[in-house]
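Presented below, as structure tokens, is a lone chain in the form predicted alone.
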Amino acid sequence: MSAATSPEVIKESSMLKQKGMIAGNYDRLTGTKESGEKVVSTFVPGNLNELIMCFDMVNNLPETNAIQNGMRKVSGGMIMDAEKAGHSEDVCTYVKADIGMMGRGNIAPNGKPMPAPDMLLLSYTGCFTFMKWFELLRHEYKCPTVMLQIPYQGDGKITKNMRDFVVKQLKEEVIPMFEKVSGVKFDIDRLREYLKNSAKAEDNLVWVLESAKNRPSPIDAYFGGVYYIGPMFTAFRGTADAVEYYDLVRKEIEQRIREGKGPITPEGDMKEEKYRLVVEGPPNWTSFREFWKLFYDEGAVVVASSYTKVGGLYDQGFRHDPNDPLGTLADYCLGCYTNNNLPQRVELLEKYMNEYQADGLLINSIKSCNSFSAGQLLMMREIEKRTGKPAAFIETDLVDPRYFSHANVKNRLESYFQMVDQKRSGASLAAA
């Protein structure tokens, strides 16, 4: 379907609210030369937005810039520019899109140039690429850099020593650097107030995600889920805007449940729920609407996903605690999905399969993302063995349009849905 004949995207109040929030943040970022505000660049997993706000700094997230460029279908040329400059085809395409964006003037979605960061904050949460990415940024911008080292959950648990180690770094390295760069003295009571806002918003986010346990599910927890997590995982957690946004989303979903409606898609309400899926792995951003359409055209709803936990496992009980400000920031970073080991990830997917009454597991393996892709075939086989439900494997990429094959993905999905149907038929015959 051409762009000229594509149906208009349905917009709910929460969507318009989020759109305004994102636009406002980009306007703030690109207006720092006039406002005098300082900028810190950091990443989504381990994003310490509440702490950043304590120093009146503006949060810039390179991943979200790459996603924005992917959805606007301009990341492909940026990636090719980065490859011409010597970056391998196998390097994370978020990185190459960011490098290519810098080479093209670092233009934000509002058409204005992005500012150079005054500080780089790397909260390492299980993705080795982040460290190499920030080496490139540090070489480019030559600004103060601080690394918050987050111990990996190799044994599948967070120990007191791990927590104490992170808190010690916050006190002795991260906060002093913020104070030095921003010129603002740290106020722990200010942090507590932001954390209170975070906890309120997190309660409603979890309610929204768990609403997918209903039949029909009122949301798609993968394609729709990436919008629901947006404010929480980026520059808005801890703000009054985020509290208002999640209040709004919850009311909209409550109404959909009362009316017995399924998810809202770019083409309106989904009419029939035929398949309930759990999805592992990030989505493809360059063909996001086309990718989603392959699912809702078949009546497939994603009821739970791992990607929507990359910035925090709130549905597993974590909440930011204003009574323990630095400790709760440590717990948050330590508990991010990408900081979990393989057995933990399998257990989470199995839990989703059971609690959300899913028909099967689908893995979208991302060519350039080793943080997610490593071990996914093993995870798929393990889930099949534990649940008796069919699993399937498709391959795309984050923001490189060369690695999204519509025909290939469509064929694999159609075959997979046939497999689900056959499994159901076999179960029905066995029951009879």
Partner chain sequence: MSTADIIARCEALYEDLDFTAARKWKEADPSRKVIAYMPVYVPREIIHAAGMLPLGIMGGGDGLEVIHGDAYYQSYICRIPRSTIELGLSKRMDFVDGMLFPSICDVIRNLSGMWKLLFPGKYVRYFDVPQNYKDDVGGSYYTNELNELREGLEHLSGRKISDDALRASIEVYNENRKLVQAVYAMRSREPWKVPSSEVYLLMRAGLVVPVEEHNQILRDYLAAAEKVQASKRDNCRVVINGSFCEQPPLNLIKSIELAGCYIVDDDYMIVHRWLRNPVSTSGDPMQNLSLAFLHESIATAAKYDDKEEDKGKYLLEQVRGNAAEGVIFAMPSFCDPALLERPMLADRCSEHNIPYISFKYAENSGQMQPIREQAGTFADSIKLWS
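Positions refer to the first chain, counted from 1. Since we're looking at a predicted model, the values are computed, not measured.
The next section is about a form of this same protein that is not shown, the form predicted in complex with its partner chain.
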**Message:** At 4.5 Å between heavy atoms, only one of the stretches 49-57, 62-70, 34-42, 360-368 reaches its partner chain in the model of the complex; which one is it?
**Reply:** 360-368
**Asked** Do R345 and its partner chain share at least one heavy atom pair within 4.5 Å in the model of the complex?
**Response** yes
**Item:** Non-hydrogen atom contact K84 with its partner chain in the model of the complex at 4.5 angstroms
**Value:** no
**Item:** R386 within 4.5 Å of its partner chain in the model of the complex, heavy atoms
**Value:** yes
**Prompt:** Applying a 4.5 Å heavy atom distance criterion, does R381 contact its partner chain in the model of the complex?
**Reply:** yes
**Request:** Would you mind picking the one in V181, M270, M114, V95 that has a heavy atom within 4.5 Å of its partner chain in the model of the complex?
**Result:** V95
**Complete:** None of T234, N204, T338, T239 but one has a heavy atom within 4.5 Å of its partner chain in the model of the complex; the exception is T338
**Message:** its partner chain is absent from this chain, but in the model of the complex, do S14, S217 and P266 each have a non-hydrogen atom within 4.5 Å of it?
**Reply:** no
**Request:** At a 4.5 angstroms cut-off on non-hydrogen atoms, which residues of 107-144 are near its partner chain in the model of the complex? List them in order.
**Result:** L122, Y124, G126, C127, F128, T129, M131, K132, E135, L136, R138, H139, K142
